[in-house]
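Next up is one chain by itself, shown in structure tokens, the form predicted alone.
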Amino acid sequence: MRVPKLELGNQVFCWRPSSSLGRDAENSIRSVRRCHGGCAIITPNHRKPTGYFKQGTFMAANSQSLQELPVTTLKGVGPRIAERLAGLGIESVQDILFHLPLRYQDRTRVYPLGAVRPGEHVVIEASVDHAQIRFGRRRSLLVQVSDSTGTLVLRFFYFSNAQKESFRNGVRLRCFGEIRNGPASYEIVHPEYSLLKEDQEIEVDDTLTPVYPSTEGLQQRTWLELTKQALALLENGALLTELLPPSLDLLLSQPLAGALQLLHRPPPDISLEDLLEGAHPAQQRLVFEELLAHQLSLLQMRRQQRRHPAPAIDAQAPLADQLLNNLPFCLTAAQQRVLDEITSDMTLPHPMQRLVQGDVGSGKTVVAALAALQAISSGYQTVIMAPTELLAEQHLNSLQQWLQPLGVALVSLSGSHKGKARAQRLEQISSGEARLIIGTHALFQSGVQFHSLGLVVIDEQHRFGVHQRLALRQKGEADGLLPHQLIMTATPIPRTLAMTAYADLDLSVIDELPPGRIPVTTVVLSDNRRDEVIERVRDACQQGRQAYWVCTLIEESDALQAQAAEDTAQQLQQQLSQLKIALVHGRMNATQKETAMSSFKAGETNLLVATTVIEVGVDVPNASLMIIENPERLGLAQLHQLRGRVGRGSEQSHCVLLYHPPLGQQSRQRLAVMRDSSDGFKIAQKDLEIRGPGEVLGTRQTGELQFRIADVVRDQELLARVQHAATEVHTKHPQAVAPLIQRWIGHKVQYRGV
């Protein structure tokens, strides 16, 4: 018996065998009833239709949901299409429904030519006046069309002779495309079009046309067909489970199925502006659920982490007390508060997961050193991981001054350590002789074995992904115990983003600068005043101060940045021959960089020309002037980090943003923020609004915040409710947690470490 499909009314159901029917369900069939060209199957125990055959497989109604239905159930989805869909994380019919449109086109009405405006995507109907081939820099076919209100040109760069001949005088066309300004009139380049027969009337679409995010080999017409079939299945609400508890009032006003139906096929009278701004209630309903799923996944990660045992660090730390007594300064109240939070965490028998935020110069390094000494006092090793060798060397130099008088053995490990030097360091680490290990990504390498790792400190966390943090933690596991993790960043993270991206971490903020710090004065100048800026550098250095000159390039290339820095250093040396100029860039080896930095720090060098490798970790109190070339090419957070290299002494410091005109509107806005504010959190919030979360968090983190419909800036007012709802779902509706995470995050869950 072959049953190709089951249709009831206008509903189409795709089912597979339930456990009650078993593999031999065919033998239980009592009758078959024809229904709209298909066959409904009735079994002795079921009065209603319970399934149908598709490609030899029996499917049963009482066991199927859209999440369980593979995309291959849909017509037109063969192995090749299924593979491309899987590349987007789409494996079920439900996944199709949650693959939401990027934008919409309005094909629900025909615009008279006299009413169209540049930038609009419109449907027009017009008659051909004439068609001609125009030869110029590029051959093109120009078709002038008109209606009773005006004229317009259709421009084709790719066309055939047959196509040209079809545009005969008087032929009527239905076209869709973007209106642009042309040389003589408005025009549409390569419109979608169809030829109309005499007196033929074609109905316009009855919904807005969605435009979907896609990949190679999946055309928009494919998405329209797939979503059409998925929406037909969605009409049976039982096939899509509502996962939000009824107590959330957002659910009552916008049921899930209705929200999906509306967003895939919006009615023509809907506010397109609301849709584009993400403000429609149907969008907000889905935004809420997506943010909730994201929050639940992080809470899930947090709870899983807390199930692991960790070494309980003694709050009494003699080494930490000695360092505090030796320091030439007192901790600020903010530093002491954060240190107390860290101490409290590490006394517990499960891994600390704490993110410490602090603006440039707020004193995070000494807090990390004191936390390290607490672990070391209890007999454990500590690792400090930095994103660059330069920063790792800076940490080593600072910490040696503080910790060597206490008898603490330090060792560094980076990719540049080879042969006997590397072997010796590995032996010191594995034997436990090295109590504090400072390094880069080299700490992940297979040959590195720790003796008794109790604390991992990760500096500038935005340079590392979640999976890298977790990998280092797993590497430090010993006797079933996982080390504590302290994650630090000098890039302030807006509260909005922290609530969303770091719900798996406890947050601490060092929101106070040491006394005596004077805010850096920032000016924005065009590079046509470069000679004036060079004279300013000369004056500052002749007065005994030091300066940075930072070179940037559009392309993220160490080789190109090095060349730019080398060329700049040569030019400046010619113009400032009486000054001693040093150079630092990413292509230099560790020894060369350290030599240049040591010379600058000792005051032997007047001017340091560098790439953005000096973004973090460089502390030279006598440097009071920084020039940043082409600042329009950098994000606000990175500019703020670079500016933080000056203003570390007691003298007034200055930063010159030397841009190349003309500046776009966004660049002008960003540089104005830098000029007007020295508050890292305000700058970070503006950076988030301008560039989005992926850029603020760093490229290694972008996979963790790729939302389908939510936007952490636009939707930040929902976040407090989302946090409350996440707690409610976790405690009162735990059965909904895994389905929500699967629905919205799915294949990303493993990457996220859940």
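This one's a predicted model, so the numbers in the text were calculated from it and none came from an experiment. One rule holds for the numbers: they count along the sequence shown, beginning at 1.
As for the form predicted in complex with ligand ADP, it is not shown, yet the points below apply to it.
Asks: Any of the heavy atoms of E289 lying within 4.5 Å of ligand ADP in the model of the complex?
Replies: E289: no, not in contact with ligand ADP in the model of the complex.
Asks: Is there a heavy atom of Q335 no more than 4.5 Å from a heavy atom of ligand ADP in the model of the complex?
Replies: Taking the distances in the model of the complex, the answer for Q335 is yes, it comes within 4.5 Å of ligand ADP.
Asks: Is V93 a contact residue for ligand ADP in the model of the complex, using a 4.5 Å heavy atom cut-off?
Replies: Heavy-atom contact with ligand ADP at 4.5 Å: absent for V93.
Asks: Is there a heavy atom of A392 no more than 4.5 Å from a heavy atom of ligand ADP in the model of the complex?
Replies: No, A392 is distant from the partner.
Asks: Looking at 132-140, 323-331, 540-548, 573-581, which one sits within 4.5 Å of ligand ADP in the model of the complex if you count heavy atoms only?
Replies: The contacting stretch is 323-331.
Asks: Which residue, S667, T365, T388, T72, has a heavy atom that falls within 4.5 Å of ligand ADP in the model of the complex?
Replies: That would be T365.
Asks: Go through G635, G361, G586, G177 and name the one with a heavy atom inside 4.5 Å of ligand ADP in the model of the complex.
Replies: So the residue touching ligand ADP in the model of the complex, by this definition, is G361.
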